[in-house]
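Okay, here we've got a single chain as structure tokens, the form predicted on its own, with questions on binding and movement later.
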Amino acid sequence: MLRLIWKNAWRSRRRTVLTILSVAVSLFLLSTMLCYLSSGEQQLESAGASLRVVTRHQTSLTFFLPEAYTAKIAAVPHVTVVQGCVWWGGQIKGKEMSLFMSTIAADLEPTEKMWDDYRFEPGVLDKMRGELRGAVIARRALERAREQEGWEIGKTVTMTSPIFKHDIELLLLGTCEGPDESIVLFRRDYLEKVRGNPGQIGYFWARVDKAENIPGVCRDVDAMFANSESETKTETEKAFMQSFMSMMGNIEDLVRNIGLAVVAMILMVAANTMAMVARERTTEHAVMRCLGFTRGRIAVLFISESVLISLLGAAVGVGGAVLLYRPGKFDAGGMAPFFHMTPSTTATGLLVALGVGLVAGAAPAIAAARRSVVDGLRRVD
């Protein structure tokens, strides 16, 4: 039976190869979209275990808060450290679309206590204390920038921003490794000097001593600034990341809808192929019935052939995604550090292929099994 199924699948080599490639490309696209969704889920899951909270302007992230809020937030019970930050944006001067970088101006002193999940190169923060323009860059980001722009530690680079009018010059002093593999961190007091010392902060990070105290800290901070000119919204790191992602629109639903369209396309391609095969083998199936093949055996042969072609396409498409999107090897240009094929994503791709094979082959298989021997032999030319 297995030899027969294999030989049947390769009778028309060109059609089989084209069908496999169609299924492979579609499943590769589906795997890519599933990777995107799973990368966001993993980032949120990682943020969910954090003891950090974020205080931003109640209206929007685009509004700034007074610098004086730093000391007030630090005085809230259960807050251990506070760090003011400004999102710079991060684009290379003259090559705005070449690289994505999370360029952030931050208060330097709280960095180590706040970001204990990052590993900073030994001595790099001490170097930044002695250099106003000093910056630390994620190791992966440096590797990309080295390939595309020739960046190296010790080099001065010029960066621009889609938010601010000023350009900044940063001296790369060292690297770091952590969840955000696109980060470039520099001193906020340097940005203040460039901007003329406006005393504004984009958002505050605060670290809480225990997880159970996080809801109370969020309430206390927001109550402190209620009815002020700059009211705040304090939320967990996970909630902050969700709101940050939502600024790009409802990407998750869009990706899911595209994924459904891709599955429908695979199904139509496979179903069309199996319908053509069924028409070509009408007489053959009648002859097989005469030789003693049962209706069920013919249906099983037909569906097995459909499943085989779909799974061969999955081996190419999903297998290619597994090789390309390996952990630590692909991060969507720094925008998705968790972008890789998880076991669940791989299993989903294979299950989709199996389902497509079963559904695409079911209708022609049932029709072939139900057709009478006489009707099948009438098709002989």
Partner chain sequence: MSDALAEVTGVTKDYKRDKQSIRVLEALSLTIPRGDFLALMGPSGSGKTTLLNLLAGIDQPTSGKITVDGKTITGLGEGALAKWRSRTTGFIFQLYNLIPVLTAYENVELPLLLTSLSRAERRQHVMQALDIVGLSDRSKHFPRQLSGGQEQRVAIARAIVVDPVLLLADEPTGDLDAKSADEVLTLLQRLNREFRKTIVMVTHDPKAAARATRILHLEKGQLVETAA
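The shown structure was predicted, so the numbers you read here are calculated from the model rather than taken from an experiment. Positions refer to the first chain, counted from 1.
Omitted from view is the form predicted in complex with its partner chain, to which the following refers.
K.L.:
Quick check: do R3, R11 and R289 each get a heavy atom within 4.5 Å of its partner chain in the predicted complex?
P.N.:
The answer is yes: all three residues contact the partner (heavy atom, 4.5 Å cut-off).
K.L.:
Given that its partner chain is left out here, which of Y118, W87, F293, W151 has a heavy atom within 4.5 Å of it in the predicted complex?
P.N.:
None of the other options qualify; the answer is F293.
K.L.:
Considering its partner chain in the predicted complex, which of D220, E284, E131, E192 comes within 4.5 Å of it through any heavy atom?
P.N.:
Contact with its partner chain in the predicted complex is made by E284 alone.
K.L.:
Looking in the predicted complex, any heavy atom of R297 within 4.5 Å of its partner chain?
P.N.:
It does: once its partner chain is placed as it appears in the predicted complex, R297 has a heavy atom within 4.5 Å of it.
K.L.:
According to a 4.5 angstroms non-hydrogen atom cut-off, is A363 in contact with its partner chain in the predicted complex?
P.N.:
A363: no contact with its partner chain in the predicted complex.
K.L.:
Going by heavy atoms within 4.5 Å, which of 193 to 201, 211 to 219, 276 to 284, 73 to 81 lines up against its partner chain in the predicted complex?
P.N.:
Going by heavy atoms within 4.5 Å, the stretch is 276 to 284.
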